[in-house]
Ligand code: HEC
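In structure tokens, the next block holds one chain alone, the form predicted on its own.
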Amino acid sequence: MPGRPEQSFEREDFAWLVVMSLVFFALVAIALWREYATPWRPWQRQFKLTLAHAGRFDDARKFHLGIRQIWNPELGLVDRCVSCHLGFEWGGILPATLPQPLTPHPAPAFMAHHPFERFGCTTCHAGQGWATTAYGAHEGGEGWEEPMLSKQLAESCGLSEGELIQMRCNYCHRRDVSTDGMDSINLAKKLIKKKKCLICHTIEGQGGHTAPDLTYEGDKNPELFDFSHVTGPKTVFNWHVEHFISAGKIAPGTAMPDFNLPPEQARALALLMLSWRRINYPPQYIPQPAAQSAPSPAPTASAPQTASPAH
């Protein structure tokens, strides 16, 4: 309009453009820093050097830094644990004295039937497989109910780490009479027969109906347990332990007799109770009776090829 000075929109927007540009470059810089300063990257650099020190120069040259994972769509499993636990399948090649997380996985005979690419890590060890930090993988964070079965967690239950892991082994092996490497669970299964638990309890459709059904006892919510008479830790595991020792004390008025079991037997039965969960694995993962007695092939010491970079 006549007499009105012309406005310069470029001049008015210049300050905002500068601010937004600085914010954009700051966000890019933060993203690049977070990508570079990942917790697994130093371990991968160290592992690359470890391969070279062990004389595996070709393997060291081919090893590329990046998130690595075991992916199994049959189980819906994504385990990125191997981004840090890089020596897991290098037993016989790298020394067992390497510190965690580079330590090779032990190779007992039953591991020949449990290849890493089929079973992953969390199937046995629990934890949050798709996490890329130690805390996220081991503890899971708020709302995560499957923490890793660590040595510390096992010791808090009066168990070894191997004994605690047997609980998850029994997810697949619950119908085995006896399973190699599962001494505590095997003991508990013998005690179930010896103490004639099926007279009162129902397990998988068999037994009596005068006591609770134990088929999926491991799924029972902690809120359904009365901890008012428990003297030790207020956990479901310890509730079962004390209940197997003195049922009348933990559940006054119960018809269940006081077995006064030794602590190791009570802990074995508590593991068995927690292993009975409603978990559906594909049929090919459930061991068949004929396969249980088959000899275990000796593991080889060839260069591993399981873990692959995530895409």
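We number the residues from 1 along the sequence you see. Fair warning: this is a prediction, and the values are worked out from it, not measured in the lab.
Although it is not shown, the form predicted in complex with the named molecule is what the next lines describe.
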Between the options Leu187, Leu214, Leu94, Cys157, which residue brings a heavy atom to within 4.5 Å of the named molecule in the predicted complex?
Leu214
Partner-free chain; cross-checking the named molecule in the predicted complex, the single residue of Val236, Cys172, Val230, Leu98 with a heavy atom within 4.5 Å is Cys172
Tell me whether Thr132, Arg168 and Phe259, taken together, all sit within 4.5 Å of the named molecule in the predicted complex, counting heavy atoms only.
yes
Decide whether Trp71 counts as a contact residue for the named molecule in the predicted complex under a heavy atom distance cut-off of 4.5 Å.
no
Just to confirm, Pro263 within 4.5 Å of the named molecule in the predicted complex by heavy atoms?
no
Consider Ser150 of the chain shown here, and say whether it contacts the named molecule in the predicted complex, taking contact as heavy atoms within 4.5 Å.
yes
I'd like to know if Gln206 sits close to the named molecule in the predicted complex, meaning any non-hydrogen atom pair within 4.5 angstroms.
no
Contact set, 111-132 vs the named molecule in the predicted complex - heavy atom within 4.5 angstroms:
Met111, His113, His114, Phe116, Phe119, Gly120, Cys121, Thr122, Thr123, Cys124, His125, Ala126, Gly127, Gln128, Gly129, Ala131, Thr132
